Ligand SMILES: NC(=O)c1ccc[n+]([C@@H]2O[C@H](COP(=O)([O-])OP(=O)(O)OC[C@H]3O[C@@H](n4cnc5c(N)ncnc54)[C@H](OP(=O)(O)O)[C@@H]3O)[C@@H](O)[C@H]2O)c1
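Okay, here we've got a single chain as structure tokens, the form predicted alone, with questions on binding and movement later.
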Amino acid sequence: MTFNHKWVWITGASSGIGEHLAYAFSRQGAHLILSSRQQPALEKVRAACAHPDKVEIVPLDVADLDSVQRTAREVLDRYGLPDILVNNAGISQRALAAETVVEVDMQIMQVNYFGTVALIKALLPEMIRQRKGHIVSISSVMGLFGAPWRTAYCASKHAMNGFHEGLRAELHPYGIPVTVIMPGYVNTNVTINALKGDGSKHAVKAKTTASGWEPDYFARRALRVIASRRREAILAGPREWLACTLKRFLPGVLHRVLNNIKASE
């Protein structure tokens, strides 16, 4: 499958995985709709794309569910139904559950889960009517197992995986594929922007994140998954794959490993 002339809407496109997905799609000639809260950063991403003339900027805060509805309507009216929706907006966490105020848990769920669900549901009636579209959501290997210092983040990704599994079955009669991509460590600012227990930024890049896949490499691998319309894909290094395997076959061993994880990892 080629993405030339396809319309692709990417949320969380101002940095990290979303930014590099934009570059990868643009290299293949796609028309892009880029969204995040940071319009100046989106403008920089557009300028760095292979075809900036085929990139539209649509600011969006996915945590504002009313804004999600309005923005989706504007996109449909202005550009029509995107061929591919990439739900990438998200925020992580680095704090013990006992030291995290519930408002932080709610914020992480609002961005990672409810924002994604709201945007999908805003486009879903038109997708079903046209029997067209491809829903792609960036989850995490943390949606397959839980880890300390990330309880709210893990919860949001578990919820995302469950929602998409059910949605995939519902959309099968309409020929609308649902793809969930679960990254492991990718060298982005995700841990720098992660929330501490009081809601402030962690402001430290974890060593595991810094040594993870480069985001451009991840994006190129992700496009192959999207092109093949796979249901799920774990895009991760050996360490994360081992954790997923242990969770499935030797969960007791994995739990002993998780007991020793620190916030800096």
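Start at 1 and count along the sequence shown; that's the residue number. Keep in mind it's a predicted model, so treat the numbers as computed, not measured.
The next section is about a form of this same protein that is not shown, the form predicted together with this ligand.
Student: Counting any heavy atom within 4.5 Å as contact, can you tell me which stretch out of 77-85, 124-132, 138-146, 165-173 lines this ligand in the predicted complex?
Tutor: Going through the listed ranges, the match is 138-146.
Student: State yes or no: in the predicted complex, is some non-hydrogen atom of Ala236 no more than 4.5 angstroms from a non-hydrogen atom of this ligand?
Tutor: Although this ligand is absent here, Ala236 would stay clear of it in the predicted complex, with no heavy atoms inside 4.5 Å.
Student: Check Ala22 for me: does it contact this ligand in the predicted complex (non-hydrogen atoms, 4.5 angstroms)?
Tutor: Close contact is absent here: in the predicted complex, Ala22 is far from this ligand, nothing within 4.5 Å, heavy atoms only.
Student: Give a yes or no for Ala63: in the predicted complex, does one of its heavy atoms lie within 4.5 Å of a heavy atom belonging to this ligand?
Tutor: Judged by the heavy-atom cut-off of 4.5 Å, Ala63 is in contact with this ligand in the predicted complex.
Student: Taking 4.5 angstroms as the cut-off for heavy atoms, does Gly184 touch this ligand in the predicted complex?
Tutor: Yes, Gly184 sits close enough to this ligand in the predicted complex that at least one of its heavy atoms falls within 4.5 Å.
Student: Let me know the one among Val178, Ile120, Ala152, Ile91 whose heavy atoms come within 4.5 Å of this ligand in the predicted complex, would you?
Tutor: Looking at Val178, Ile120, Ala152, Ile91 one by one, just Ile91 meets the 4.5 Å heavy-atom criterion.
Student: Please tell me which of Lys44, Arg221, Arg70, Arg37 lies within 4.5 Å of this ligand in the predicted complex, judged by heavy atoms.
Tutor: In short, Arg37.
Student: Counting heavy atoms only and using a 4.5 Å cut-off, do Thr100, Lys196 and Asn259 all touch this ligand in the predicted complex?
Tutor: No, the candidate spot makes no contact with this ligand.
Student: Judged by heavy atom distances of 4.5 Å or less, which residues of 9-39 approach this ligand in the predicted complex?
Tutor: Stretch hits, in order: Gly12, Ala13, Ser14, Ser15, Gly16, Ile17, Gly18, Ser36, Arg37, Gln38.
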